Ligand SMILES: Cc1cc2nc3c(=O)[nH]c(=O)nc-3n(C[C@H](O)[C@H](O)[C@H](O)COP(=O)(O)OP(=O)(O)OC[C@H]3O[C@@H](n4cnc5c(N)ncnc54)[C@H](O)[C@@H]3O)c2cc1C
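Presented below, as structure tokens, is a lone chain in the form predicted alone.
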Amino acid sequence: MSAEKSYDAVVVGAGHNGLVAAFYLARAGLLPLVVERRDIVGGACVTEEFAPGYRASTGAYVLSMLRPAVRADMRLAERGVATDDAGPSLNMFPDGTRLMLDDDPVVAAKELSRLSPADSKALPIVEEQLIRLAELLVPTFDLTAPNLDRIRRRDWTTLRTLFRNGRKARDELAEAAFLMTTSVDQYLAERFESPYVRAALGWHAINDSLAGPSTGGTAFVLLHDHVSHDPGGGMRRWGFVRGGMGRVTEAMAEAAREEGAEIRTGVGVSKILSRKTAEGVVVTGVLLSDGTQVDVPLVLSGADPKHTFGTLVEADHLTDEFRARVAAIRCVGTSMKINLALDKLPRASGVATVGDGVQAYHRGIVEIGPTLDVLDLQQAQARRGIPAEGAHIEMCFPTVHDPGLAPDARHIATVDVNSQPYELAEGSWDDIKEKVADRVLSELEGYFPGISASVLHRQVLSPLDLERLFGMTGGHALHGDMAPDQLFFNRPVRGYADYRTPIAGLYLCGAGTHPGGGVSGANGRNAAREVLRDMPRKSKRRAR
């Protein structure tokens, strides 16, 4: 069965990058069809009811990296996307040590002085250095990464940007090279003496990865997670979207539709169709899960590279070398997500209470876990397929910013548990996930006494559930590890960093492309720009 309507392009998946790509294609005069297998738009950037009256951001739960151009072009603020800055991050350690890190470096440095006067002095110096390094790299987020094996004229824009910024930061180039190659443990050990400070700043290096803090290349995460979204904004800048993360993608869908894009939910893409020609393989359309065939000369896949090339594309239309490179992408999720419906906000132990109401840490992110040396052991355990006990936990309370996410006087807590590997040595996640969640709640009880008794409902999402729910291979939220060998001109694989693929007319636009994961919209915007660059000017049309 063929589609009755004629489209210029099909976008696979209505995640935020797919919606951004469709918006820019439609604004340029094309008629794109966005196809989403779920009944809602958003991909892993959604707000969903997980219990009667309780709504949570089941995928991404904080906003920090959205590119200014995307925000402005899609008029997201005018469409009602409002963000509250997160409060300070409370770091809690098993031995009772507590460390509250504020966005304000002066306030944060004062807090560090309780543990180490030397670290208090070092923090603003390190932060300033990271900011200068970010100013070198962040401009490339909005540019297309070059393929080093075939530099084209358009690639010189990116290379000139790096060179120009590199000249400004030439004194930092040695530090940049060190940051890109060393471990987060080594990088922080040279700068901070307190193991608690190093853990508070460096635990992000293990997020969505099987690598431990002592693994080379993990120091780059400091730059990406802490300052890359806003070089002048300091470290640990996060925001909670009123209405949940789904408000962002709902507004993006509205913007795309206004420009002429069509969005179809409740139907997925079963196959990306292509054919061999004398010049090579070219895309011809897609086969939808309802049996409909849509014939188009352009397909943009927001799915991860492993799913796109391992499931959706005909294997014999790809070379053995390319398939081997895609198969080797490290894309094993290590996070369990738990959403809790609570009858009241829990109080943290070992932290001074101010009044009877909301505390400062309720407005921010709570980080619970051991020091980096223990995290290293836990990640090694995860690599063996064993879910780590006492693993790092990240928790937040979105209802403090938006009470409308729960019934009156009730709250939700979003809990992210690390070192929980997608691939298990024994058993299946379907069999053990509730037991693991019970253990996590028991661990939380030691930091937030009474939290277990406050739980009215819970939703437990194992790495396997995240794969099923969001269609992410391995349950990996970032479509692949964010390590130097899987970033920039290496993302998704060498030779195909410019959103193009070995199949003419097929492009990638998801988190598996430059500049990587996070709700930035840069991937979708950049991919759309390359599609339009490849098109003959006369073929662009306004379709309404």
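Remember, it's a predicted structure, so these values are computed and weren't measured experimentally. One rule holds for the numbers: they count along the sequence shown, beginning at 1.
FYI, the form predicted together with the ligand isn't displayed, but the following is about it.
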**Prompt:** Of Phe192, Phe470, Tyr361, Phe220, which one comes within 4.5 Å of the ligand in the predicted bound form, counting heavy atoms only?
**Reply:** Phe470
**Fill in**
Students should find that, of Leu478, Ala51, Leu31, Leu487, the residue having a non-hydrogen atom no more than 4.5 angstroms from the ligand in the predicted bound form is Leu478
**Request:** Please check if Glu443 has a heavy atom lying within 4.5 Å of any heavy atom of the ligand in the predicted bound form.
**Result:** no
**Request:** Considering only heavy atoms, tell me if Gly518 and the ligand come within 4.5 Å of each other in the predicted bound form.
**Result:** yes
**Prompt:** Is there a heavy atom of Ala483 lying 4.5 Å or less from a heavy atom of the ligand in the predicted bound form?
**Reply:** no
**Prompt:** Might Leu340 be said to contact the ligand in the predicted bound form, defining contact as any heavy atom within 4.5 Å?
**Reply:** no
**Prompt:** 296-304, 446-454, 373-381, 73-81: which one contacts the ligand in the predicted bound form at 4.5 Å, heavy atom to heavy atom?
**Reply:** 296-304
**Item:** Members of 51-70 lying within 4.5 angstroms of the ligand, judged by heavy atom, in the predicted bound form
**Value:** Thr58, Gly59, Ala60, Tyr61, Val62, Met65
